[in-house]
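Take a look at this one chain, the form predicted on its own, written out in structure tokens.
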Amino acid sequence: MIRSEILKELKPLLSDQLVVCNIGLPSQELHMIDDQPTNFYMLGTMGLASSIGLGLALSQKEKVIAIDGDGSVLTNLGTLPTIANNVADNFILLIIDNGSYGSTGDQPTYAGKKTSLTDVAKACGCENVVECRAENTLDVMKKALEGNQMTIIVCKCESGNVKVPVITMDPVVIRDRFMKEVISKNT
């Protein structure tokens, strides 16, 4: 399975959740598969989806899912110790690890070589880290959503991209409609 197939499979679980999605193709794929006002699409700032997701989770009670990629997490390794030391039991970080920088041409990442993001997350102090194969992601995500414990999911999948349209929605519109959903879920 490739990233877009995983996102399609997760669609029923993600549809009403607060989701912060990684820059580039992951955001474009999620937008194409199931555009929701509860989705915050990163159009810039590579490596910060997990950090923004954590901040949102710490600031309110609703569950927050951050969808990040191995390449983005590798560009901001400081996010893993930050997550470990600022536990938010309403936070789920899904790292889709395809071993490549998918949005820039599938160049290999170190996660596709010797570096295990599962081991790195555990070494940083993250307590509930689950590594799974792509085909098991739906079940792992269901369990994480049903639980009340911060969860880091490292989903190992194949590299590959589908053709997707660029998100033409103005970033201010993306922000404003997402903020409106956050406020409505917390009132």
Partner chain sequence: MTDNKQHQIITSWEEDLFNALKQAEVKQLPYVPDAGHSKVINMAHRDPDIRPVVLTTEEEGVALCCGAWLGGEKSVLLMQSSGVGNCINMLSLISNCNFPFVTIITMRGEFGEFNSWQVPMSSATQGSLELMGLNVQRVDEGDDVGSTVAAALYSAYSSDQRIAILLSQKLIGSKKW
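Keep in mind that this is a model prediction, so the values were computed, not measured. Positions refer to the first chain, counted from 1.
If you look for the form predicted together with the partner chain, you will not find it shown, but the lines that follow are about it.
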Inset, instruction - Choose from 146 to 154, 129 to 137, 37 to 45, 114 to 122 the stretch whose residues reach within 4.5 Å of the partner chain in the predicted complex, heavy atoms counted. - result: 37 to 45
Inset, instruction - Verify the flagged residues N86, V172 and V182 against the partner chain in the predicted complex: is each one within 4.5 Å by a non-hydrogen atom? - result: yes
Inset, instruction - Give a yes/no on whether S51 approaches the partner chain to within 4.5 Å in the predicted complex, heavy atoms considered. - result: yes
Legend entry - Non-hydrogen atom contact G160 with the partner chain in the predicted complex at 4.5 angstroms: no
Legend entry - is_contact(T109, the partner chain) in the predicted complex, heavy atom dist at most 4.5 Å: no
Legend entry - Any non-hydrogen atom of N76 within 4.5 angstroms of the partner chain in the predicted complex: yes
Legend entry - Sequence-ordered residues of 55 to 86 touching the partner chain in the predicted complex, heavy atom within 4.5 Å: G55, L56, L58, S59, Q60, N76, G78, T79, P81, T82, N86
